[in-house]
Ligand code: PRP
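As structure tokens, one chain now follows by itself in the form predicted on its own.
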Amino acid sequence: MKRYANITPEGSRDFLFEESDDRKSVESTLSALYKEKNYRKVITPAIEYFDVFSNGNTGVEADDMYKLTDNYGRTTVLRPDNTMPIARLVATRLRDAAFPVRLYYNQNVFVKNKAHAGRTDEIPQSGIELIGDGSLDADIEVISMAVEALSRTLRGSYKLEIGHAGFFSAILDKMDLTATQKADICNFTESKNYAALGDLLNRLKPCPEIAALKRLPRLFGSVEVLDEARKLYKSAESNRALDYLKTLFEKLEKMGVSDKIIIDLGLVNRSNYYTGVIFRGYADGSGVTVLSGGRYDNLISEFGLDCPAVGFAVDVNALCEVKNEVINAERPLRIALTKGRLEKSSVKLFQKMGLDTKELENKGRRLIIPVDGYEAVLSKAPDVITYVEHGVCDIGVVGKDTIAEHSSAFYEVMDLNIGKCRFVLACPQGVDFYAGYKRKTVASKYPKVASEFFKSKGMDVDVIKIEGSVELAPLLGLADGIVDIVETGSTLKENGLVAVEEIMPISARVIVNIASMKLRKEEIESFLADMELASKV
């Protein structure tokens, strides 16, 4: 029986009629812009050898690539990135060309997304690469084209944020850190996870670099953040990066596009990929990044040609799906609250902030409730993450346990220090969980947290997902132990279980949609400041 003959694989979709026309219109509009600026089109194979992307510089994990084998058993992948194949093409086919060369493309990339996230794994991209010119003028050309690309394809408002890989690198290079610590600092800074970054840095010996890193995620906004950064941290390398951004901004200002520009010195992701200016585009109506790019002067040398380059890629699907009702500066800020215990704590916090919570306290069956100029949305914890990630809510209050299990793309900006508990590994009393050679079986409502915990210990275990009372699993002989949330430990004790090891502390966190943070910065920063102050009362 052909079970799958009438459906498309998960992560893919058909495009019909107006959807096809919209996509074609965006690609045609962008192609016209590229041609006006003397860029020439290239097409690379949809299937490339894995070696093209195996150096770790693509920003795409190997596990997230679609892998195949060719007739000789060699590993190939569906193209997960457009820049690497073009770098290969330039280094092999155009190495004797008269540089700089200006190239553009309209072609898909294939990256596995989280299941049931509402995102496609096949993403149409349209972009440019300016190769062989390492000058400021080249950066200006590409960034101004990025602004023009958004201007021509969007009806609503948009912003382009710019940063510089050199500022972050100047700070990290002065510190004696392990590779893991560097990766964690990069991740926490990029995701604006102030709490986790502060916890990590507080474990290190105090120094000027740590003070700068603690402030770095908040260094975004108008051009004034460059002056704040200069006061915060000074070195020859960091000053060069800041001077460059200042000059860049001034030139963009003369071109009349500075009102579309945000400075963000916390743009540090893929610092092993980008070497200079980094930029991203956000649109009113989309909860995701619609454009990303930057300077990558070291990339093409990996294919045997030492050549500077800068470029950007537009997510065509994201532009086509922009709808004004998603992120709209005219509607009130929406805050997604987790139903139940955290809901009650959130109401108390709102009261400390001076908000009128009468409607929220007497909500009845309503799920969207006005709260003194804001909108509160009540939902289950995993849905808080979904609503914030997709931009239908700007801010969310959710437990760290849900974030750890589901993760996603958002900023984790605050630890409210409410709803405190902890993840633990537990087993029957009197049993040494780690003894013996038998492969262990663990039951949990949080299989991802459990799997990653044992992976960090280098242990192979079988993890079984349990939806109800997880304490039953070892009592019935289904599992050797459990990974679960513990507040007082009384439930464990009553069922003859004891905590073997603490995995991580848990508390309520505040998360923010990435695009909302850029497009509604002043409103969100003001709300977060009031929330942070109230959480300390």
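Numbers for residues come from their place in the sequence shown, where the first is 1. Since we're looking at a predicted model, the values are computed, not measured.
Note that the form predicted in complex with this ligand isn't included here; everything after this is about it.
With this ligand omitted here, the record of contacts in the model of the complex names 490-498 of 490-498, 44-52, 63-71, 473-481, defined by a heavy atom within 4.5 Å.
This chain is displayed alone, yet in the model of the complex one of Lys440, Lys445, Lys448, Lys112 has a heavy atom within 4.5 Å of this ligand; that residue is Lys445. Just one of Arg341, Arg152, Lys455, Lys254 comes within 4.5 Å of this ligand in the model of the complex, counting any heavy atom, and that one is Arg341. At the 4.5 Å threshold, heavy atoms of Gly468 reach this ligand in the model of the complex. The shortest heavy atom separation between Ile485 and this ligand in the model of the complex is within 4.5 Å. Taking this ligand as positioned in the model of the complex, none of the residues of 10-34 brings a heavy atom within 4.5 Å of it.
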